[in-house]
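One chain comes next, on its own, written as structure tokens: the form predicted on its own.
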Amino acid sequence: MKKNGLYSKEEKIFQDKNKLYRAHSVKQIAYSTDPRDFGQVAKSIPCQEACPARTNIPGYIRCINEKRYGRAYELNRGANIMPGVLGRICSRPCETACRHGAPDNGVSVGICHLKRACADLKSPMHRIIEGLYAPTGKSVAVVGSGPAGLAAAHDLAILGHRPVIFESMEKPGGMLMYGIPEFRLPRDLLMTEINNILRLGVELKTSQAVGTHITLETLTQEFDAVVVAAGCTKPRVLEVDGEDLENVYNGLEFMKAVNAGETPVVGNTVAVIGAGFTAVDCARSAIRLGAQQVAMHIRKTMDDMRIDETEKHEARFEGIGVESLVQPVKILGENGKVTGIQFVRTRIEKTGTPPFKKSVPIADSEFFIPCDSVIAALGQAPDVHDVSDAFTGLDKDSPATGVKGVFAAGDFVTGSTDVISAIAGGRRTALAVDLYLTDMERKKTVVRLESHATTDRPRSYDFIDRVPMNTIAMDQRLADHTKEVETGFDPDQALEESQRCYLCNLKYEIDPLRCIYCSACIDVAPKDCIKMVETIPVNADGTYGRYVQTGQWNQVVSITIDNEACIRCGQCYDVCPMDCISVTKTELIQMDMDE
């Protein structure tokens, strides 16, 4: 307390310490829409750029490292809506892009496992935080409760609208509920994250198929806007003789039956046709239904399969074989039942368009494989006319449908993709609907720039081996086909794996006006990431182009840190005699336009 306008000696010491603390804790923060900053983030944080939802991956991994699991969960949920679900079944494009997996850098970080870790390890009393807008009085019908529909409904509720979901099945979730086996995605966890969305005031109406129980035209009359997120429900077929035989299943219907608790007859030997996640799910489910021999038959090679290495490993561990470079030409049977498949062998031929290779049948290479059942898991396509004949064509780059007030999202627009892409599509559509209803752009994406101390991550962390996921034994898997195979990380494992992240959201920069060109930073850099450059070109979109390097000192205009190659070890920062290297934490965020 002040006495006669003066502080006591002890209070004066406290005040001085408090001022010193505040001086050192104040951070410089700026928000940028400069194309150069967006370009830098895209190049420097490849995992985030590869994520369709643009999840702040280094941010949430750092929070796990600090054991702030709740904050890590919120950083995830702010982008991808359902971290616990995606931490189990995401297709992991981020891990393919991870700089830690580049040549000479080791193996990519287990980003997906860490996403699950923050969901598993957060406090059971964790409070989900939502930035809610004032109610607008507008209502929106959402057709479909799959990932895209749930994401759209979530964001529309946040924006103050009243979403009502119409789901044709008895339970919500779409392919999450009916297409993915429970041993990969526990249903109680799925329903928890769905209920986290519904609690925002989202109304759910199940067993309501648009096109059958209610028409799209009726919805347009009763609601201010409509979002069609009906997904892909039309299975692709083999188009070969014998598909009408007994014990021939398409992948989607097979998984629906399994997830509904039914036991489709598979026999002892099962042939699965397909190379994606659904094909693997079908094969692993067939093993759990009692099949003794299950093999996947693919037109290309294992390297071309549209699944991650974890799924390949688990399939092999469970005894599932892969027959590559084969293509079915006929399903054979007797007395109406499957007896086998006739295949033709294929070869790979290069093409000039993505994926730059195709399989070509080899003449006179037919052969026969006996089997008791066939599962054709070739994927699905959207059934546009099942919803309405009003759609004349959908543009995958636009949520508009050509029908006033009607928008589309997710796989219904793009065709079959993956869960994280569907969620990202649903969120983009919600913003388009909000603009239509309010005639205002209420959110914008900016780059948040925050001054930062150099990394406290020791160089030794670069050499930590990737932490394997814990799984249950084979006998436990077969004893209960609903038991989750992967059991998650414990806190120590999550900490160890989080230490491997390079923290690519930290941008290291050299001030050219203070640099004396001593080259000390170049000498200590463990990677070729600090360059002598003579030109830094600017692209047509305003982003920086590739540095033009030089080895001649008289041509050097700057010594520059290439953040695409930098592993954020901080050694250049420590060795610089002029203190001319700064560190900035860069983050993509959505900002309210009125802030």
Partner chain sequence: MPTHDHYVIIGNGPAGNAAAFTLRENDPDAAITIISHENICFYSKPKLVKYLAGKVDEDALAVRTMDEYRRRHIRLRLGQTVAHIDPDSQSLHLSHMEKVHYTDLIIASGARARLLPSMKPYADCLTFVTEFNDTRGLRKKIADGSRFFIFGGDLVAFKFLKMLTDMGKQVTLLLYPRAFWPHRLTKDMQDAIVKNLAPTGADILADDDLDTIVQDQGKYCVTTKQGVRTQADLVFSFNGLIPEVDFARGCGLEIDHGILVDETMRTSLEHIFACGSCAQIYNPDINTYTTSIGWPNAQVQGKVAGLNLLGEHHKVRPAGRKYFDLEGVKIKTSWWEDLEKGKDT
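Just so we're clear, the structure is a prediction, and the values are computed from it rather than from any experiment. Positions refer to the first chain, counted from 1.
Absent from the display: the form predicted together with its partner chain. The rest refers to it.
- The partner is not drawn, yet in the model of the complex one stretch among 300 to 308, 75 to 83, 187 to 195, 504 to 512 has residues with heavy atoms inside 4.5 Å of its partner chain: 300 to 308.
- Contact check for Thr215: no non-hydrogen atom falls within 4.5 Å of its partner chain in the model of the complex.
- In the model of the complex, its partner chain lies farther than 4.5 Å from every heavy atom of Asp492.
- Mapping the unseen interface onto this chain, Pro526 counts among the residues with a heavy atom inside 4.5 Å of its partner chain in the model of the complex.
- At the 4.5 Å threshold, heavy atoms of Glu366 reach its partner chain in the model of the complex.
- Among the residues Lys337, Arg442, Arg347, Lys483, the one placing a heavy atom within 4.5 Å of its partner chain in the model of the complex is Arg347.
- Checked against its partner chain in the model of the complex, the residues His385, Arg199, Lys357, Lys205 give one hit for a heavy atom within 4.5 Å, which is Lys357.
- Contact check at 4.5 Å (heavy atoms) against its partner chain in the model of the complex: none of Ala453, Thr543 and Asn563 pass.
- Contact residues in stretch 92 to 119 (any heavy atom within 4.5 Å of its partner chain, taken in the model of the complex) are Pro103, Asp104.
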